[in-house]
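One chain is shown next in C-alpha cells, namely the form predicted alone.
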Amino acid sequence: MKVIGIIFKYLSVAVVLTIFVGPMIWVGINSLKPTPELLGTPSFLPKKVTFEHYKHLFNRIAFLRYYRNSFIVGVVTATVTAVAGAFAAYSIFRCKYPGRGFLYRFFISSYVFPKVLVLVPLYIMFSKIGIIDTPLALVAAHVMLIAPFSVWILRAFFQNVPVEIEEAALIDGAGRVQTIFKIFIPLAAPGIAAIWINAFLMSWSEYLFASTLVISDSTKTLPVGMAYFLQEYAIEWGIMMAGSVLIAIPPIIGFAFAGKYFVQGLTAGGIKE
C-alpha cells in the first residue's frame, strides 16, 4: 500500500505539471515554428527552428517600450499597494475606533461588484484632474482594484503580533508610523511579499483599464500593445506566442525568488483568525 501511495503521489504531481506547465512549454515551442508549420498539421517539436516571430514582434510594434511601461506601472502599483495595505491593515486591526469593522467589510464587499462598473466614473474623474493617458492613471486604478485584497491578506499577520511588543515600542517613544515600519512590516514580511507579487501580476496582465485610461502609443502597456496582432479576420499566432514567452519572464523570475512567501502569505491570510 505504501508503494501504491508513492506511485499515486508522483502521478498526481505529473498530472498537475502537465496541466499547468504543459501549455507554457507548448507556447514556447510553437513560437519557434515557421508560420506554415504552425498553421499546418500539429507537431510537438518544430521541423525547422526560426526566430522570425520574435523579429516581427520587435519590428512591427514598440514592444520594448510597452515592456518598460508595464514594468514601471507594475512595480509602482505593487509598492504603493503594499505600503497602503500595511497602513490600512494596521488601522483596521490594531487601532480602536468606531466603525473599523464596517470599514473592513466594506473593503471586502468591493469585490462583489464587477470592476467595469467603476470604469466610467474613474474615467470622468481622471479626465477632470488631467491624468488620462498617463501612467499615473493606471497606477491609481490598479491600486484601487487590488488594495482591498491586500488588507485581507495582512489580517492574520497584524492580528497575531503581540500587543506587548507594540506597547513597548510606544513606551520607548516610537510613533505609529515607526511602529508600522519597524515592527509590523518586518513581522508580516511574508504577507507583504504576497501582496506585492499579487499586485504586480494583476497590474502586469490587466487589460480593461489599461485599454481605456491610456490612449497614445507612448503610454500603452503590454496587454494593449499585443492586441495589435488580434486582427478582425486573422490572429497572428506565431507573434502572439513569441510575445507570450517574453511577457511570462518577469512573473516566472518573481515566483522563482519569492514564490514561497506568496504561498505562505496566502495560506496565513486565509486560515488564521
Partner chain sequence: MKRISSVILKDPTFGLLLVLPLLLWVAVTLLYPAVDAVRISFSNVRYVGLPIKYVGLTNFKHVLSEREFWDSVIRTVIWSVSNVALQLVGSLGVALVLNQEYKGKEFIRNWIILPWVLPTIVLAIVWKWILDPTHGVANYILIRLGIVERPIEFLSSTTWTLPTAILLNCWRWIPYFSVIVLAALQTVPKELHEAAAIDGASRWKRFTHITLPFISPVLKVIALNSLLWSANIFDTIWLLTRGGPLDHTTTLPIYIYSKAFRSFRFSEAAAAILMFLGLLLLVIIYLRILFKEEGAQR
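Throughout, rigid core stands for the largest set of C-alpha atoms superposing within 1.5 Å between the two forms. Positions refer to the first chain, counted from 1. The shown structure was predicted, so the numbers you read here are calculated from the model rather than taken from an experiment.
Quick note: we don't show the form predicted in complex with the partner chain, though the next part is all about it.
When the partner chain is considered in the predicted complex, Gly101 lies well away from it, no heavy atom lying within 4.5 Å. At a distance threshold of 4.5 angstroms between non-hydrogen atoms, Asn69 is out of contact with the partner chain in the predicted complex. None of the heavy atoms of Ile185 is located within 4.5 Å of the partner chain in the predicted complex. Interface residue remark: Leu208 is counted as part of the site for the partner chain in the predicted complex, having a heavy atom within 4.5 Å.
Residues are counted as partner-facing when one of their heavy atoms sits within 4.5 Å of the partner chain in the predicted complex; in 5 to 36 these are Lys9, Tyr10, Ser12, Val13, Val16, Leu17, Ile19, Phe20, Val21, Pro23, Met24, Trp26, Val27, Asn30, in sequence order.
After superposition on the rigid core, the Cα of Ala156 moves by 2 Å or more between the shown form and the other one. Positional change of Phe71 between the shown form and the other one stays under 2 Å at the C-alpha, relative to the superposed core.
After superposition on the rigid core, the Cα atom of Leu136 is displaced by less than 2 Å between the shown form and the other one.
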